[in-house]
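Before any questions on binding or motion, here is one chain by itself as structure tokens, the form predicted on its own.
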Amino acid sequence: MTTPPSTGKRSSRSRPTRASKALREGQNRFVSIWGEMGSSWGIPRTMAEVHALLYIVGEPLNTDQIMERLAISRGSASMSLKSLHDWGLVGRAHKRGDRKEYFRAEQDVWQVFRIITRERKRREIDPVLMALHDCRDVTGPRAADLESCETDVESHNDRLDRMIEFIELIDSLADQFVSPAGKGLQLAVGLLGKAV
């Protein structure tokens, strides 16, 4: 009995399987890298991984799909999605005929980094700047009984003023990055790229 000639169907079936495995592996690696980066920035790793998954998949997923894909609890998924939604990195989406709630990540990379910059500024730069101004008030013009060590106070204030000036410059740059027009970050990156 002779074997029938190959029609090529078998190899065409195995290609999508291999491609889908490669795609899933690539997505998993991205999620892992983004989670690591997020945790080094002080963002909870699970929150960063949920964002990464929604971004890299590029289509809305529901909570059950996220839990299954990342092997996380419903509580972790829900808290991460709430935080991501509060930040503006994730929006809700609905699928016709499906009562489950779906979530979609912002796909514009520049917008993603504007949002992250805004949140980091709010959580890190703003409190430091406020604390530095409070610190400066201790030895400011209204402070009493500082005549005895006036030179030391002036030197202290000078160092503190230079630090405040630097942080205010960073704050001003961050404001440009997160502006509603959103061109500041792209412009800065473009200028830095040309300078290098």
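No experiment lies behind these values; they were computed from the predicted model shown. Numbers for residues come from their place in the sequence shown, where the first is 1.
As for the form predicted together with the DNA, it is not shown, yet the points below apply to it.
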R18, L53 and G58 all contacting the DNA in the predicted bound form, non-hydrogen atom within 4.5 Å: no
Based on heavy atom distances of at most 4.5 Å to the DNA in the predicted bound form, which listed stretch, 123 to 131, 150 to 158, 166 to 174, 40 to 48, is the contact stretch? 40 to 48
In the predicted bound form, S76 touching the DNA (heavy atom, 4.5 Å): yes
With a 4.5 Å heavy atom cut-off, would you call R96 a contact of the DNA in the predicted bound form? no
Would Q27 count as a contact of the DNA in the predicted bound form, using a 4.5 angstroms cut-off between non-hydrogen atoms? no
Does at least one non-hydrogen atom of I72 fall within 4.5 angstroms of the DNA in the predicted bound form? yes
